[in-house]
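Heads up, the chain below is alone and in the form predicted on its own; it's given as structure tokens.
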């Protein structure tokens, strides 16, 4: 079940002058050793690496609460944004039926899952059209307890439940996932006696899928969270190897940072499986928010782009073959899909169509991936493939830990802090000012000074 990275097509020997030369590859052992030592020194700070090992009691509580929710609820609604939402969405799409919410109850692993990761007013109103509050459990997730979007969602749900059923309903219908001691949400949770899960110290939002943030929604929907953690632990051990050529996450980080130096400041993630479609969304936040930083006058980062094979062969691949050499493409391939679907015989008299009959969709999508890899390679563009033996809870745990560690190693190589988000905080503070939060009056003044607009 080990996932592997084939990076052959990142190299000059495969793609030509725009690839990574062997002379650069020769520097990887020394460069990788420095990144490895830097990350090991932070082990006590970046505690998301310990999540596969230290949550036995928490997992037992998660499973117990999840079982009660599965028995009592027809709908489970996650209120959150960013890492609090993208991870649960990615895991649900990967490991449950692709049309999960449309299945009848007896064919589902749990209640219908809705993840409200935006504050579009039409979206919130639409949610109320499809759920029945008396059959719904809400899980509000924010470590800081001050995220405006999530707290606005929470206020909406609290008002709804109180008006319909009284304050006692909050204890039955609302679960909080937040910091153990700090922030607004923990105070609300204690006041109303909510079932509460804590986000551990040293676990930022985009690194939080393997703690209650992601594990509770997964367990509610019948996903094997222990297998996910086992996969993450396995990958964590692989990615602590001193040998850079046996350390998948470190190699991924070295390849991408080398590509950045060659001008590839765009990174495309293109899974060839609908089950992995939303991994691109999760990865985009992880890579962009962690590595898009400045240090003095220097600016760093690689813009992540989401694609889906085969769909985006017909919308994006033209750019990836004939466009500029400013990007790398990472394909996600699957060796064994969970379903085999054969293409039937229907028009055997037409050889231009009949050649497909007797093959499977499995063969077709794999051939499409290999063909696209070839087209991108012969056009001289760098690409690599991460191959999953199959999509299951263990390999999903591996994949998430691989990407998290690759991001952390890239931060070490670039010499930046991969765990803060000062640019995000600026937007949050301006939102507070625009909505009249006390203490942010000066911030509002900044916007008024730059309020002149030119329109056409």
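Numbering follows the first chain given and starts at 1. Remember, predicted model here, so these are calculated numbers, not experimental data.
Another form exists, predicted in complex with 5-phosphoarabinonic acid (PA5); not displayed. Remarks below refer to it.
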Listed residue that, although 5-phosphoarabinonic acid (PA5) is not shown, lies within 4.5 Å of it in the predicted complex (heavy atoms), from 109, 360, 118, 285: 285
task: Could you check which residue among 195, 101, 144, 241 gets a heavy atom within 4.5 Å of 5-phosphoarabinonic acid (PA5) in the predicted complex?
output: 144
field: Heavy atom distance at most 4.5 Å to 5-phosphoarabinonic acid (PA5) in the predicted complex, all of 49, 232 and 406
entry: no
task: Would you point out which of 205-213, 318-326, 333-341, 269-277 contains residues with a non-hydrogen atom within 4.5 Å of 5-phosphoarabinonic acid (PA5) in the predicted complex?
output: 205-213
message: Taking 5-phosphoarabinonic acid (PA5) as it sits in the predicted complex, is residue 84 near enough to touch it, meaning that at least one heavy atom pair lies within 4.5 angstroms?
response: yes
message: I'd like to check something about residue 256: if you look in the predicted complex, is any of its heavy atoms closer than or equal to 4.5 Å to a heavy atom of 5-phosphoarabinonic acid (PA5)?
response: no
- request: Mark residue 430 yes when one of its heavy atoms lies within 4.5 Å of a heavy atom of 5-phosphoarabinonic acid (PA5) in the predicted complex, and no otherwise.
  value: no
message: residue 424 versus 5-phosphoarabinonic acid (PA5), in the predicted complex: is there a non-hydrogen atom within 4.5 Å?
response: yes
